[in-house]
Every structure is written in C-alpha cells, then in structure tokens.
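Here's a solo chain for you in structure tokens, the form predicted alone.
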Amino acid sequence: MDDLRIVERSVDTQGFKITARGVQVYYGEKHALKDVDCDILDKTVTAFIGPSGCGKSTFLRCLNRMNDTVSIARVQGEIRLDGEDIYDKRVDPVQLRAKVGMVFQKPNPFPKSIYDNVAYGPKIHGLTRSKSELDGIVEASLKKAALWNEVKDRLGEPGTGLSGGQQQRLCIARAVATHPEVLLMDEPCSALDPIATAQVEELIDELRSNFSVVIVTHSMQQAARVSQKTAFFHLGNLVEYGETGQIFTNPKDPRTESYISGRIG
C-alpha cells in the first residue's frame, strides 16, 4: 500500500517542463485533489487560482514533493519533470528541490546574514569550489531578485533586518541560487504591501526568461497581470486550464465564469 500510484495514460512530455497525469492527493481520509491532468510550459508564468481550500496549493506542493513532509498525505498519479517521474523511488527529494525551488507565502529568511541566506543552498549542494565562485553566485542571485543594489554594502547584516518586500526578494534570491529549472511560489505577495507586491510582480515577469514559474495566488488581478497560463481549481478539481486571457475573458466552464465574476469563492 506504500505506492498507490497507478497510471494507465500515455504521456506526451514533448515541449512541456512538467506533465501531470491522474494526480490524486489524500490527507488521511480527505480527498483533497481529484484526478488532475496538467502540462506546464518552460519559461512561462503559470497561475493557479481558485477559492481557499480548492487544491491549488496542494497541487503546487506535489511538484517538488513537499507533501512528502506531511505524514498523512498520500499522492497518486504521475508527475514528470523533463520526462522523468519525480516520484520514482530513485529520485532524491532534496536534489529535486534544488531543481524545483519554492518561495512561500510569508517571507522566511534564515536567521543568518544576507550573504549566508543566499549561499546556503549552493554550499549544501556542493555547487561551488571556491569562495570567489560562491561570491559570484550570491551576487548573481541577488541581481536576479532585483535586490543587489539595495544590499551590496551590507551583506553581513541579518536577513531578518530587511523590510517585508526585501525579505521576500531575498527568499527568491535564495531559491534561484541553486540554479533551479522551476520556481514555485505559494501566494508570495499576500503578506506584502502594494509597493512591495508591484516589485515582486515585476520580478516574476523577469524571472520567466530563465525559469518555469508557477504561482498560486488568491488575487485574480495578480494572475491576470503576471501569468501567460492560468489553471482554475474548485473543490479539488482542475476545472479549466488555458491561456490567461481566454480564462479571464471567455472561460469555457460555467464554474470558471462564476468564480471570475465573483458569484462563487
């Protein structure tokens, strides 16, 4: 009973960074995610939207096996990254999470210096051979997170001393420092003020030139602003998935239309 993942569907992974087929998630007896099929493109921002408790964060956490850390969680189905089954027993979840980085809802910098926050991942994964290489990764990651100019003269100061928006950008720098291929973001702006939110949204748009970005957001306006693809979840089902413009202006499913227009949610 350890491995209940049974899939009989053929999977064409061509052109997609991540493919999911028949994904089900249970938390104990609760069936949280039901039979989800989804293909996620590379170098694209994909938004997951839907009411609270609809399964969007649960599905996001499947993409880097964060649900492994929940003792009562059980995942069935198949999820492939570049054609490889990420739930194969030979896959090391720690190595997977270096390739599929994650930024959480609340900024969570380590109680370390700004430099050590960013250097942590490259160090534990053995990505550098010298201090100068590590310095280069830290600088490049902070530049990718649009934070370098604000912190370059105080890298030895605690990351926890930064403002909320800066802390979230530090967490993004920390996530990209391991050279991931996919960046998952679980409501990354919900704890930020409007100015910091705008900065992070602008950053997300820049990051898609290097990464496949998947963002869970409770804000439909944010999904419309930052994403090219949108998936609408409701009651554990992936109801509709398509081009963001089409989902917001001409949804195919009446449940999507009801959510977009504010009648459900």
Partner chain sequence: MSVFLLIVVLLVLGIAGYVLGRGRALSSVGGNPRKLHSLPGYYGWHGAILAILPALVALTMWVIAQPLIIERQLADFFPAEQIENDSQRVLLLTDVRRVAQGLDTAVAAGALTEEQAAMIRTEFGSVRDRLATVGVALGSEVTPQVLQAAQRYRELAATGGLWRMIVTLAIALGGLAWAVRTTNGDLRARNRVEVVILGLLILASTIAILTTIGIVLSMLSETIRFSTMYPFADFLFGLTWQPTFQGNSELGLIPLLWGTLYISLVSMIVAVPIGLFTAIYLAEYATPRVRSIVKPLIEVIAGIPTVVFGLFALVTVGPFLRDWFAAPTGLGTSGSSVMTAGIVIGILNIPFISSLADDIINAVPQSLRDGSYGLGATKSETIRQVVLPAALPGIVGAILLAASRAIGETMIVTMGAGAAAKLDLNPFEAMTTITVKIVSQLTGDTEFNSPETLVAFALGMTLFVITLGLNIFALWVVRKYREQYE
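These figures come from a predicted structure and were not determined experimentally. Positions refer to the first chain, counted from 1.
Missing here is the form predicted in complex with the partner chain; even so, the following discussion is about that form.
Engineer: Can you work out whether residue 108 and the partner chain are in contact in the predicted bound form, taking contact to mean some heavy atom pair no more than 4.5 Å apart?
Structural biologist: Within the cut-off, so yes.
Engineer: Would you check, heavy atoms only and a 4.5 Å threshold, whether residue 234 touches the partner chain in the predicted bound form?
Structural biologist: The answer is no: residue 234 has no heavy atom within 4.5 Å of the partner chain.
Engineer: Report yes if any heavy atom of residue 74 sits within 4.5 Å of a heavy atom of the partner chain in the predicted bound form; otherwise report no.
Structural biologist: It does not: once the partner chain is placed as it appears in the predicted bound form, residue 74 has no heavy atom within 4.5 Å of it.
Engineer: Examine residue 97 and determine whether its closest non-hydrogen atom to the partner chain in the predicted bound form is within 4.5 angstroms.
Structural biologist: Looking in the predicted bound form, residue contacts with the partner chain include residue 97, since a heavy atom lies within 4.5 Å.
Engineer: Candidate spot 66, 125 and 175, all three in 4.5 Å heavy atom range of the partner chain in the predicted bound form?
Structural biologist: Heavy-atom distance to the partner chain in the predicted bound form: all three under 4.5 Å.
Engineer: Looking at 87, 148, 115, 104 here, can you tell me which has any non-hydrogen atom within 4.5 angstroms of the partner chain in the predicted bound form?
Structural biologist: Selected residue: 104.
Engineer: If we take heavy atoms and a 4.5 Å cut-off, which stretch out of 136-144, 74-82, 188-196, 117-125 is in contact with the partner chain in the predicted bound form?
Structural biologist: Flagged stretch: 117-125.
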